[in-house]
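Let's start with one chain on its own, the form predicted on its own, as structure tokens.
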């Protein structure tokens, strides 16, 4: 069985189509649709163009050959009803080439990806950059700047100034993504992740959470009623004006996270069912209803108030309803990470009583 003229004609047509789609992706006006707002965006776009061009070309060949072979080797009316098609087995040459080509492609992709990764994730953090902290909440973002008390709801950065952005979360796992930056990073309680970049284009850009973080996750993006945070890339003069205004506005703001109530919480009348619902909403991203060793972010909490083998709580105290309530109220920072306090978690005294009642029911 030899490859006839029809096969080579089909191959030539598919090659022309593949070259067209490759040309399109190499020169596609991506930046006209989604501008590159920071210096690292061009590197991400280069990887995207490579993947899109190679994937589209492969798609053309695969689909094209399927169509060609379906037509060229279709059952014809002159063939017997029980005719068997040409049988080809164990073609070592084919097996060699269809193993070698994907292998070389994956190796090439790995080299390109690693080079780009180390280009956007420097080993040593720059010492002369503007350092900003981004914090995720259910369901909004806040930002901390050196010299500005408290937290602000908008992210402003100066044009052509190198930025180091540290991100974390008060409650559950969020994700920080600005499409025009092409950079995305998870916001994890108790963990600080870092992005470094230099803004290169002034404007207002959307911030989007891409990690499911609770019932209002879909609203945790710019322009919604619950979250109006944007990234503003300003000229140096605009940035200084905004920075000065925030310093004045937050002059008396505290850098501490206030606790909703300072008095001890009354645990009587806690509702187990309500506590279970609250646990699933507020706690399950970090804690499993499982033995202590089964950690997610924090340890498993099944039997926390009843299992004699359960170690002390993170504050070193024995596990009692009162001490669990104290941790829920005041939060705690330790080797396992940060346990957000009552205000950061957005829970009331009654919610804490319900949560303690639920944890007390897990035996």
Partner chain sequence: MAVAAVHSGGIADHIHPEPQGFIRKYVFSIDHKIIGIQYMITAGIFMLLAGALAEMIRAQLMRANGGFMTPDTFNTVFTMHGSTMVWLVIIPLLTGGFGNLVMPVQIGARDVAFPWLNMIAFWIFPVSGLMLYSSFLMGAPAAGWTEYPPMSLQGAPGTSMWCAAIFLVGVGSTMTGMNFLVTILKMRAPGMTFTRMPLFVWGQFVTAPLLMIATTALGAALAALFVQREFGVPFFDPTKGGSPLLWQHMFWFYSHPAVYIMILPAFGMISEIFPTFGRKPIFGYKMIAFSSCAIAILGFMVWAHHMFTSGMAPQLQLPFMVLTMLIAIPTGVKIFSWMATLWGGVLTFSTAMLYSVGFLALFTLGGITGVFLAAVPFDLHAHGTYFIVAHFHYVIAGGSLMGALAGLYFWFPKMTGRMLNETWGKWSFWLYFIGMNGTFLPMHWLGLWGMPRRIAVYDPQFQTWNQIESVFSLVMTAGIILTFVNVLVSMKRGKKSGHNPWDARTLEWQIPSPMPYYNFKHIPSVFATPYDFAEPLPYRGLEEELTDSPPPVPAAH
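Quantities reported herein were computed from a predicted structural model and do not represent experimental measurements. Residue numbers count along the first chain shown, from 1.
Separately, the form predicted in complex with the partner chain exists; it is not shown, and the next lines address it.
Colleague: Among 68-76, 236-244, 144-152, 157-165, which stretch has residues with heavy atoms no more than 4.5 Å from the partner chain in the predicted bound form?
Modeller: Careful reading of the contacts points to 68-76.
Colleague: So in the predicted bound form, does residue 52 come within 4.5 Å of the partner chain, heavy atom to heavy atom?
Modeller: So residue 52 counts as contacting the partner chain.
Colleague: Report yes if any heavy atom of residue 138 sits within 4.5 Å of a heavy atom of the partner chain in the predicted bound form; otherwise report no.
Modeller: Taking the distances in the predicted bound form, the answer for residue 138 is yes, it comes within 4.5 Å of the partner chain.
Colleague: Counting only non-hydrogen atoms and a 4.5 angstroms cut-off, does residue 33 reach the partner chain in the predicted bound form?
Modeller: Residue 33: contacts the partner chain in the predicted bound form.
Colleague: Give a yes or no for residue 177: in the predicted bound form, does one of its heavy atoms lie within 4.5 Å of a heavy atom belonging to the partner chain?
Modeller: Residue-level check for residue 177: yes, a contact with the partner chain.
Colleague: Pick from 173, 132, 229, 265: which residue has any heavy atom within 4.5 angstroms of the partner chain in the predicted bound form?
Modeller: For this set of options, the contacting one is 173.
Colleague: Heavy atom within 4.5 Å of the partner chain in the predicted bound form: which of 325, 319, 37, 44?
Modeller: Among 325, 319, 37, 44, a heavy atom within 4.5 Å of the partner chain in the predicted bound form occurs only for 44.
Colleague: If we check the partner chain in the predicted bound form, which of the residues in 179-193 reach within 4.5 angstroms of it by a non-hydrogen atom?
Modeller: The stretch touches the partner through 179, 182, 183, 184, 185, 186, 188, 189, 190, 191, 193.
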